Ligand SMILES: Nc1nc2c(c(=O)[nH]1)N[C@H]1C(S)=C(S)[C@@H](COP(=O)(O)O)O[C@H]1N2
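First, one chain by itself in structure tokens, the form predicted alone.
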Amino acid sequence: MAKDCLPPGQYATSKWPVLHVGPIPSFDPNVWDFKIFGLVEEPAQLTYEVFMALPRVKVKADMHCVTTWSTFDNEWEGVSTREVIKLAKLKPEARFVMVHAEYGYTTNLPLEVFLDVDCLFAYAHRGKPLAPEHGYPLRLVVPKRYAWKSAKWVRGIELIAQDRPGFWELRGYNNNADPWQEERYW
């Protein structure tokens, strides 16, 4: 690992620590769904089978946690956020995305960050399905932000005009979450 790959205040690890709030949710592919709603012309509700049939991408990206660890060259497989957004025509005023996950967990992102070329909804890591503790069946991956923006157990996205804080942002975490700027807390 090159020294310039490590954001300030971080340390490199080959492990993938497990951090989340609440229990690991159960998963039933027969009732699981993914919703796209809010400022869209065509809201969508996808079954697990339909979501898994979307075009797949592979992304190699680092992950940086606000608790100061970083892992490098993670190989993710899933569906690009750009592909997902194509499923519902956005209204012109849609400028932010609120990501919704199990247990009411949310995280917010500007639309341009959400649509970055390396952002995806991952269901595999290093060639294997995500472990339940790491977000199976579906986790958002936003490599250029601290890992709390990469929500586990995602169930949908809401397009909104005005930014509003998600779960951790309401609890004092920085809204932008850029690890290169050490935007950890308010």
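Keep in mind it's a predicted model, so treat the numbers as computed, not measured. Heads up: residue numbers just count along the shown sequence, starting at 1.
There is another form of the same protein, the form predicted in complex with the ligand; it is not shown, and what comes next is about it.
Partner proximity in the model of the complex, defined as non-hydrogen atoms within 4.5 angstroms of the ligand, places exactly one of 36-44, 116-124, 51-59, 130-138 at the interface: 130-138. Within this chain, Val84 is remote from the site of the ligand in the model of the complex, having no heavy atom within 4.5 Å. Mapping the unseen interface onto this chain, Trp32 falls outside it, with no heavy atom inside 4.5 Å of the ligand in the model of the complex. At a distance threshold of 4.5 angstroms between non-hydrogen atoms, Cys65 is in contact with the ligand in the model of the complex. Looking at Ala151, you'd find a heavy atom of it within 4.5 angstroms of the ligand in the model of the complex.
Taking a 4.5 Å heavy atom cutoff to the ligand in the model of the complex, the contacting residues in 73-106 are Ala101, Tyr105.
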